[in-house]
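We begin with a single chain expressed as structure tokens, specifically the form predicted alone.
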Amino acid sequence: MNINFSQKTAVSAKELFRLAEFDNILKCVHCGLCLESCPTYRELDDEKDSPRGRLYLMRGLWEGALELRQSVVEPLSRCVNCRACESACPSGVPYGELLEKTRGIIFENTTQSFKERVLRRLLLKGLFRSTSLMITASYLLKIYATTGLPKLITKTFVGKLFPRSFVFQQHLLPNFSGKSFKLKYADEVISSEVSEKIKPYTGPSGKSKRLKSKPRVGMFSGCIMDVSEAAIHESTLTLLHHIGCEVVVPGNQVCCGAIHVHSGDRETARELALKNLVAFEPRHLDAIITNAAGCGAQLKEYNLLFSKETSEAKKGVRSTVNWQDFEKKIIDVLEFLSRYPKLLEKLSWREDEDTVLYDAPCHLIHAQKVDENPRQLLNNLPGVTLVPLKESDWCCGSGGIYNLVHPELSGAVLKRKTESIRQALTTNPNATNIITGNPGCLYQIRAGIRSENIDLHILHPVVYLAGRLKKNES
């Protein structure tokens, strides 16, 4: 990360942090229970690359004891933001929120290199904000994949001519479709023929909410996912149909903004948040379904983007938008399906025996605090034995685009994950599939097992679920 620190700001770092509502950092008592859960600390064995060390740096910036220097910023940029430390923390320190606000202040008050400015303009402010550009990029990359060049680079001596990071990126390529899922179903009300009355949906708060006989749900399609891995969205749609939902796919929805937030560009993320609010809120939905753990975590935390220092807040956005109502509707597809066990039991499932490995996405288990119900849902399938990896809750090193920004450190974290998979296969040699509920994790683990020549298929849980339906049901 190349940053020019010569640019001085008119406002002190301490004042900027005060405006960012940073008082929650005082919850940290420096107990160190987070250390062993941190992937970068385990790899680098350096206190400043641990959650406790980074919180110390952030507090120093907040209190004005430290300045925005390279030695302070670099450890903060090396964090994967997996948020495993939040699960380990007994004091409830909102580490992810504090880190993202800090990165926002760093981004707004330092000068990036020319290369980084160009990449941000082309990708974050260009590609990820435009559906037409995403479709074009998807189509071109689909053509690239069909030429066989990625396999030529990864499977033959040709790969030795390129840097290791470039070769690994060939493994990372998603299965691009060249088409947009949200435009395919834009603004239709997609309904099944199931007429049986469905029980009330119990939201994240645990309070029952009376719904009509057919829940009306919206599907969030994301940005990269909107034009790749088509089976994930189509399988999600199939499963929602089978429990009798009316499904709406807003054609004007946009990227969730997670990649922007992680990189410090909170202004663009706020713009995307407001667009998604406009896309989903007028449709009177009972729930908004996500099948990407990272997107779900970001959608559930939109309110954190609109702190008192933002221009949107000054214009009254914070007082007029009830983000809490919007965020309560966000639910992961596996968590949603698990609310209807009786309906799922009545479906015709295949009953052949199958052992499946399971990896829990960081932003599902640590950020959204969702784990038990998805595992139980999968384990309850007839004939299926679900085997969570020994370190199922351990980060794979994906971190959005962390694997592109910090390829070596990401690769070291991934190595630990692939070793965990090998161990699981030793005790479960009949397993042929591993499932994980976040596309970024899916790409990363798929790249890892391909590069390590591990004979295993990786699937999203909804694809696996839909595949277990008998043909007359699917």
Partner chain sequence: MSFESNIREELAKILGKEWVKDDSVTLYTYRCDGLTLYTAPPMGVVFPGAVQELVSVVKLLHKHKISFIARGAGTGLSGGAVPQDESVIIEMARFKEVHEVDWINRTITVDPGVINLRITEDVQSQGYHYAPDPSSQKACTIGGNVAENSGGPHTLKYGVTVNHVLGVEMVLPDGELIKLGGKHLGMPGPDLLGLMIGSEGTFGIITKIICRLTPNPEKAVTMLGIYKSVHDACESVSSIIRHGIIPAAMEMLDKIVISAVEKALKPGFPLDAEAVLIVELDGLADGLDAEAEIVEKLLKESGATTVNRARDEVERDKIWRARKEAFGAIGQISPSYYVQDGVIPRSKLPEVLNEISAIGKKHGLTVANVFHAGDGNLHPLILYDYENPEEVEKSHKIGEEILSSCIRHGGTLSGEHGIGIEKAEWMKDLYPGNSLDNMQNVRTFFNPENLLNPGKLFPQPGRCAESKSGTPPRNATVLDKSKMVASKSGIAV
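Note that the structure is a prediction, hence the values are computed from the model and not measured. Residue numbers count along the first chain shown, from 1.
What follows is about the form predicted together with its partner chain, which we do not show.
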Only one of 417-425, 402-410, 60-68, 433-441 has residues with a heavy atom within 4.5 Å of its partner chain in the predicted bound form, and that stretch is 60-68
From Pro163, Pro282, Gly148, Pro90: within 4.5 Å of its partner chain in the predicted bound form by heavy atoms is Pro90
Review point. Is Arg52 close enough to its partner chain in the predicted bound form to count, meaning some heavy atom within 4.5 Å?
Key: yes
So in the predicted bound form, does Ile449 come within 4.5 Å of its partner chain, heavy atom to heavy atom? no
Decide whether Met134 counts as a contact residue for its partner chain in the predicted bound form under a heavy atom distance cut-off of 4.5 Å. no
- Any of the heavy atoms of Val247 lying within 4.5 Å of its partner chain in the predicted bound form? no
Ala231, His241 and His262 - do all three of these have some heavy atom no more than 4.5 Å from its partner chain in the predicted bound form? no
Within 22-60, the residues having any heavy atom within 4.5 Å of its partner chain in the predicted bound form are Leu26, Lys27, Cys28, Val29, His30, Cys31, Gly32, Leu33, Leu35, Glu36, Tyr41, Arg42, Leu44, Asp45, Asp46, Glu47, Lys48, Arg52, Gly53, Tyr56, Leu57, Arg59, Gly60
